[in-house]
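There is one chain below, alone, in structure tokens, taken in the form predicted on its own.
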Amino acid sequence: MRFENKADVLLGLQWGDEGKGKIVDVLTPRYQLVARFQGGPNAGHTLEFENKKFILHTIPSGIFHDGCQNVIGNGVVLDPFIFKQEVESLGIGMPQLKKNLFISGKAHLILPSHRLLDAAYECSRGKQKIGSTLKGIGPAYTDKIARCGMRLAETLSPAFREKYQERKNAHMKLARNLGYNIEELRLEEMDFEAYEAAWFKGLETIWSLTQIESEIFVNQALDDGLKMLAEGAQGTQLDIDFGSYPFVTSSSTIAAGACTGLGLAPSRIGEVYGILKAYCTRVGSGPFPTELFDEEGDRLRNSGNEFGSTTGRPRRCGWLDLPALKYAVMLNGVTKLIMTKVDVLNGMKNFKVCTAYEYGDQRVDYLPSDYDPDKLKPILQTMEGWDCDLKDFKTIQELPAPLQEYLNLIEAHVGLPMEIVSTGPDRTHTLFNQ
């Protein structure tokens, strides 16, 4: 069967925090449907417009456009407590949400005990902590794969409370086996019982929205001629299979994840938008070949406001890693390249970019599996900086010559043209290739 209408995919090419939310918001006028396909409230997609700032954790970033339908797909994990908070923070009335927001009944739930278990697991790792956001993502996906998770559709079943209690007891037992008294751990500055009560109130908010068979919904939308954008969370370098395992997230963050997270056939994937920052950041533990530990790293962090929108943690900062970028482009089949945060480099006399690695006595342009970080060094190329207000420019072609040279280097390395460049946080600070 040949599909004429295809879904475009937008995702991050680094370790997350590439600015996906803003770009989805900018591109949404081209689409009638935006769908999240993986991850959960560990995501933090920041949007700024009309002097207002919004942070989305689970809801797709097309929600502020009245003519756009938004779908939370089967590959997403939902925390009703966080979801209710998110809904209340948006300032969008429930009638508009009911009209434009649809949730897959196959999406799995993050139970309160998943979050407590997440904290117990992380504490038990000692120095081997992976840097979890402690949102219960990993334990929820673990239950899903172990075939004992709870889907949203099950919450309407008469057996829901019984199964909920069964899973809660199992999680409590696991935590105690790890040596932790789970009742003493707190969530969102609340004791467990208070959080649990708020979690069930959040479930009522979800029940008030439209629950769908999302795989049928999105395929029918494409058949009806609607233009659709699949929105990824986190980034390629955090993919469960191809990221720097075990310092990864618990879902498939690459383009293939849009197929399993929404029920789309591979032949229904159209354009793949890949987003990168002008430099690299990472939250939590794990390899980071170009990480900076000096004042330049501090400058990137402070100028770029590199603090987690979900956790508030300071992000690790470093130079752009072209070998890792090329790998991500290959994995995702990227067709359109987008760069954000070029304004953060503004005013630097010069900066650097990694073009290859030195591993032992070899020069390599990829990260070997299970490599020894102590033996790997980035090969850095120095670039000339620029100092001007980038918000004054209207197209990519007008940008200053040193920035053009930087873009040309990236394009030559990955074999793709730069389609969009973001010069600031607001949706208006966006340049297109002419």
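For every residue, the number given is its place in the sequence shown, counted from 1. As the structure is a prediction and not an experimental result, all values here were calculated from the model.
The form predicted together with a small molecule exists for this protein as well; it is not shown, and the discussion that follows is about that form.
Although the partner is absent here, residue 44 sits close enough that one of its heavy atoms falls within 4.5 Å of the small molecule in the predicted complex.
Although the partner is absent from this view, residue 222 stays clear of the small molecule in the predicted complex, with no non-hydrogen atom inside 4.5 angstroms. By the criterion of a heavy atom within 4.5 Å, residue 114 is excluded from the residues contacting the small molecule in the predicted complex. The small molecule is not drawn, but in the predicted complex it has no heavy atom within 4.5 Å of residue 168. For the marked spot (21, 315 and 424), a heavy atom within 4.5 Å of the small molecule in the predicted complex is present in each of the three residues. Picking from 350 to 358, 168 to 176, 256 to 264, 334 to 342 the stretch near the small molecule in the predicted complex, with a 4.5 Å limit on heavy atoms, gives 334 to 342.
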